[in-house]
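First, one chain by itself: the form predicted on its own, in structure tokens.
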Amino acid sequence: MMTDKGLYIYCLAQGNQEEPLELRGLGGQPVMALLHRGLIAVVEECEAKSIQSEDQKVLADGLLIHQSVVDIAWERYETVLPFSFGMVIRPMDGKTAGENLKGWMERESEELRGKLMRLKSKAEYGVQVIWDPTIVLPKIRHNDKEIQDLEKEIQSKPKGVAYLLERKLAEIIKKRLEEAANVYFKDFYQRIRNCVEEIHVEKVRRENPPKQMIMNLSCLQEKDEVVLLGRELEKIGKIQGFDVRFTGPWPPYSFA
């Protein structure tokens, strides 16, 4: 039976049976399935406060536990709405955390059911495209007359003038690389977009120089229909100077 403590919530699903998931969560307590009118909230009793920590290892361990619980729930219920790490339902207004959670599920039931239906049998996949500008640059130089002319001019000028022209050349090359990255991004985005149902553009991450990430995507697709995406990514990965990272399937965190 639920107590007056808080409830840490991992995800929502659809079902008709309230049962333990036979595992323990962040606080070491049993993870439970709280049922309300065909909706299931996967929760764990906890202290009625936010789960925060300044310790990065504690935080990283907590994120792993959170994700593992959501993964297990995803396997059991096939479709879930994952919650972000750290979501705690508190007792308030004279009601227990369980009563507040059920009240919210009641009020939002139509929207929640709609989201679960939209995500049915779907998974999230991560796509990251990394390029090496030093490998792509010779092709840009070969096709850019302004760069070619400036490089020839540098060779014929005195040292002081050549230095100034080299700085100008560096700015032009930087601009051309940025333009090229934008062209590749648009091309790859459209090719990937044609292979998935939904797509989110995420913030790029830092790579070891000279490599640079030019694309970081979260993609939503039917778990049984991801072959086309894999084939397209394989084609992109064969382009000289480019690498592709493809991860998943994951519960649809970015689309819940």
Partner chain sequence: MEPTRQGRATLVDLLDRVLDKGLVINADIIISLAGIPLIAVELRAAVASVETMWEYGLMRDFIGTHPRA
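This structure is a prediction, so every number in the text was calculated from the model and none was measured. Residue numbers count along the first chain shown, from 1.
The form predicted together with its partner chain is left out here; the points below concern that form.
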For a quick test of understanding: in the predicted bound form, does each of I65, E75 and L233 have a heavy atom within 4.5 Å of its partner chain? yes
Of 92-100, 164-172, 177-185, 134-142, which is the one stretch near its partner chain in the predicted bound form, taking non-hydrogen atoms within 4.5 angstroms as near? 92-100
Is R191 near its partner chain? Define near as a heavy atom within 4.5 Å, in the predicted bound form. no
May I ask you to check whether I199 falls inside a 4.5 Å heavy atom distance of its partner chain in the predicted bound form? no
State yes or no: in the predicted bound form, is some non-hydrogen atom of P30 no more than 4.5 angstroms from a non-hydrogen atom of its partner chain? yes
is_contact(L39, its partner chain) in the predicted bound form, heavy atom dist at most 4.5 Å: no
Could you list which residues of 69-89 come within 4.5 Å of its partner chain in the predicted bound form, counting heavy atoms only? V69, D71, I72, W74, E75, L81, P82, F83, S84, F85, G86, M87, V88, I89
